[in-house]
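Here you get one chain, nothing else, as structure tokens; it is the form predicted alone.
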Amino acid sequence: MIRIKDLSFRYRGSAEYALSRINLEIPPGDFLGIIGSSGAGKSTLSYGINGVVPHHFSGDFYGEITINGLDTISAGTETIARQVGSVFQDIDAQMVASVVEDEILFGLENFKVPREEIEARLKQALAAAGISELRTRTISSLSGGQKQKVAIAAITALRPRIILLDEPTGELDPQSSRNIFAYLKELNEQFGITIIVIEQKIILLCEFVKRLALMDKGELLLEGPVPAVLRQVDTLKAAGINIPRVTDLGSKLSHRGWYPGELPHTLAQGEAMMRQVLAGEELFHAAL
């Protein structure tokens, strides 16, 4: 369980607060997507969860964050890292080895994973990220997208209780992005790992996550199950979020009284919505 209570944070030298009175609970086994426009405070919130704030980025810190009862202020970052595995936006800064397999082995060996499990975990992480053929490649020879996959594989191989990812698919093509999210969903469902993802691709998020949290100007505006958050169309748009087109269409149909159901957020749900609307139109004309 992650508990964030009355959290406010201002970076040293800044006049504005990056976070303002954030209250949020993330239960074990959750799959949470954090959305918001640039400068909304998403990354700073993630830094608070993994201890980067205030242990590496100092400033004015108020409130508290606890992770499975562990206070992030009193605990060191190494202790927090055993609970929270992080994939940052700056991939190059996260790499510690020169060869792909060594990058993954570094964490496994340092976390004292039993020797008999290491090879299986290494292969599974590489395969799930779609980079098995890169196992012996030097990291310096990889593209930005390939490095991103290596970083994700290195963290997921550790199977921490919580995995925190800051825009993990930023340099990936649509199919690779879906593969990463499918793997995260597998980790969430099979191993009960809590997944927290900051992501701009809201359609992709809505397909895989259980809940959404909307941030704007350092504040948490909305939080809850995906359908409940998407119902707040005006708030999402005011915060600069491009909601899924099927959701926008469903909202417009709902406002006109043509569709009474839950707003869709996937293509399959959008198709079902349109079939229901068109069936209603046919019944109306038949009655005439």
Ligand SMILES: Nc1ncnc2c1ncn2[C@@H]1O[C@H](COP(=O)(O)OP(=O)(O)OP(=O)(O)O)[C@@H](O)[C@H]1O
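Throughout, we count residues from 1 along the sequence that is shown. All of these numbers come straight from a predicted model, not from anything done at the bench.
The form predicted together with the ligand is left out here; the points below concern that form.
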*Spell it out for me: taking the ligand in the predicted bound form, does every residue among Gln146, Gly170 and Tyr183 have a heavy atom no farther than 4.5 Å from it?*
no
*Heavy atom to heavy atom, is Asn50 within 4.5 Å of the ligand in the predicted bound form?*
no
*asked:* Under a 4.5 Å heavy atom criterion, is Leu236 part of the interface with the ligand in the predicted bound form?
replied: no
*Though only this chain appears here, would Ser43 touch the ligand in the predicted bound form if you measure heavy atom gaps against 4.5 Å?*
yes
_in the predicted bound form, does Gly39 come within 4.5 Å of the ligand, counting heavy atoms only?_
yes
*Sole residue of Ser132, Gln200, Thr138, Thr77 within 4.5 Å of the ligand in the predicted bound form, by heavy atom*: Gln200
_Proximity to the ligand in the predicted bound form, single hit among Gln276, Ser14, Asn23, Thr266 (heavy atom within 4.5 Å)_ = Ser14
*Residue by residue through 85-100, tell me which have a non-hydrogen atom within 4.5 angstroms of the ligand in the predicted bound form.*
Gln89
